[in-house]
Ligand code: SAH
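There is one chain below, alone, in structure tokens, taken in the form predicted on its own.
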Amino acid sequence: MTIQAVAGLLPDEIAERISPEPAFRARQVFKWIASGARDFDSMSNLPLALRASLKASLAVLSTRVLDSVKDADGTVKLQVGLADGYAVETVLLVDREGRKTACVSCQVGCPMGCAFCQTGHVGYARDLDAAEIVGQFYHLEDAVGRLDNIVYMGMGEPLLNLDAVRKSIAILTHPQGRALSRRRITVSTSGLSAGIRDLADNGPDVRLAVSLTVADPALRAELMPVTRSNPLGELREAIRHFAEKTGRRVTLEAALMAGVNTSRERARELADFARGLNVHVNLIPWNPVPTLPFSTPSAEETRRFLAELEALGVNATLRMRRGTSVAGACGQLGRGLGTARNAEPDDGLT
């Protein structure tokens, strides 16, 4: 028998699940989970009989932490085990101001196959459900305290699992629960034009980041196969649509690889792509993955590229690298995971 995880349910869904208990009991359960309760016994304002009933038929979380590592810069990476034996990774990033951001996964592996990304070489097994996504956020809060932001930028392509992403956002932003502001949520994509338009038209109203990397069509198609079915012209118009529909500025991410996308010509192409769009460019020196044939640009090469963009009128920032020593940085997740099951399944959990 499978047991449903309450972390993936909204209050009205919990109420339906525990009927004929009054609806306020469901709201209590929902609030307890957002406040840090990880078992029903600790929900002290619930009747003992209800707690026993919940324990027999439901679980709080469907995931568990298998391993945890910490970088000297404050980055924390958790390996999170799923009930069917798969595992994903989730990361806490801390900026200079001490703000804590959860970087969560939405798929086991990734089907996008970006040449410079470790996760793209892991392969793809399946989508995560809302409980498995929300669970990562709560595991990080259990480890490091209250988080400030969440970015859907871990393992997988969020716009290929948009229903579960939407459900997880609804849970985390619900006013009766964690009440995280949508202004503190970013969804990152490799560039799925239809998904960007869907997010703009149907919400939720969150921030958008697009992994652009390079604006030359042939080179981008080589580095990011998504380009073949989502041409740069279509992607550009989808970004324009999102910015105009939501009023939000879109972040363009560019992973810089030495001698690959750091030339003056590449800067000019990126500037041409960004011109007339409400965007900001984040430059990220490529984070090393030993098995991949790329290298991190020197500080001088990176500074020169940034200066080229600024001279062309591009609003750009060089992003601080974090978590590289624990393979927790952008593009490094999934090393050693593969798509093989890494843990024994949890009988009874889904």
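Owing to the predicted nature of the structure, the values given are computational and were not obtained by experimental measurement. Quick note: we count residues from 1 along the sequence shown, nothing fancier.
FYI, the form predicted in complex with S-adenosyl-L-homocysteine (SAH) isn't displayed, but the following is about it.
**Q** Just checking whether Gly135 would be counted as a contact of S-adenosyl-L-homocysteine (SAH) in the predicted bound form - the rule being heavy atoms within 4.5 angstroms.
**A** Gly135: no, not in contact with S-adenosyl-L-homocysteine (SAH) in the predicted bound form.
**Q** Could you confirm whether Pro297 comes within 4.5 Å of S-adenosyl-L-homocysteine (SAH) in the predicted bound form, counting heavy atoms only?
**A** No, Pro297 stays farther than 4.5 Å from S-adenosyl-L-homocysteine (SAH) in the predicted bound form.
**Q** My question is simply whether Met153 lines the interface with S-adenosyl-L-homocysteine (SAH) in the predicted bound form - judged by any non-hydrogen atom within 4.5 Å.
**A** Close contact exists here: in the predicted bound form, Met153 approaches S-adenosyl-L-homocysteine (SAH) to within 4.5 Å, heavy atoms only.
**Q** Does the 4.5 Å heavy atom contact test between Phe116 and S-adenosyl-L-homocysteine (SAH) in the predicted bound form come out positive?
**A** Residue-level check for Phe116: yes, a contact with S-adenosyl-L-homocysteine (SAH).
**Q** State yes only if every one of Thr63, Gly81 and Ala130 has a non-hydrogen atom within 4.5 Å of S-adenosyl-L-homocysteine (SAH) in the predicted bound form; otherwise state no.
**A** No, none of the three is in contact.
**Q** If contact means any heavy atom within 4.5 Å, which of 94-102, 251-259, 197-205, 227-235 contacts S-adenosyl-L-homocysteine (SAH) in the predicted bound form?
**A** That would be 251-259.
**Q** Please tell me which of Ser193, Thr75, Asn161, Thr189 lies within 4.5 Å of S-adenosyl-L-homocysteine (SAH) in the predicted bound form, judged by heavy atoms.
**A** Spelling it out, the residue with a heavy atom inside the cut-off is Thr189.
**Q** Exactly one residue in Val289, Leu306, Val314, Leu46 has a non-hydrogen atom within 4.5 Å of S-adenosyl-L-homocysteine (SAH) in the predicted bound form; which is it?
**A** If I apply the 4.5 Å criterion carefully, the residue I get is Val289.
**Q** Within 4.5 Å of S-adenosyl-L-homocysteine (SAH) in the predicted bound form, which residues of 7-31 have a heavy atom? Give them in sequence order, or say none.
**A** Going through 7-31 in order - heavy atoms within 4.5 Å of S-adenosyl-L-homocysteine (SAH) in the predicted bound form - there are no hits.
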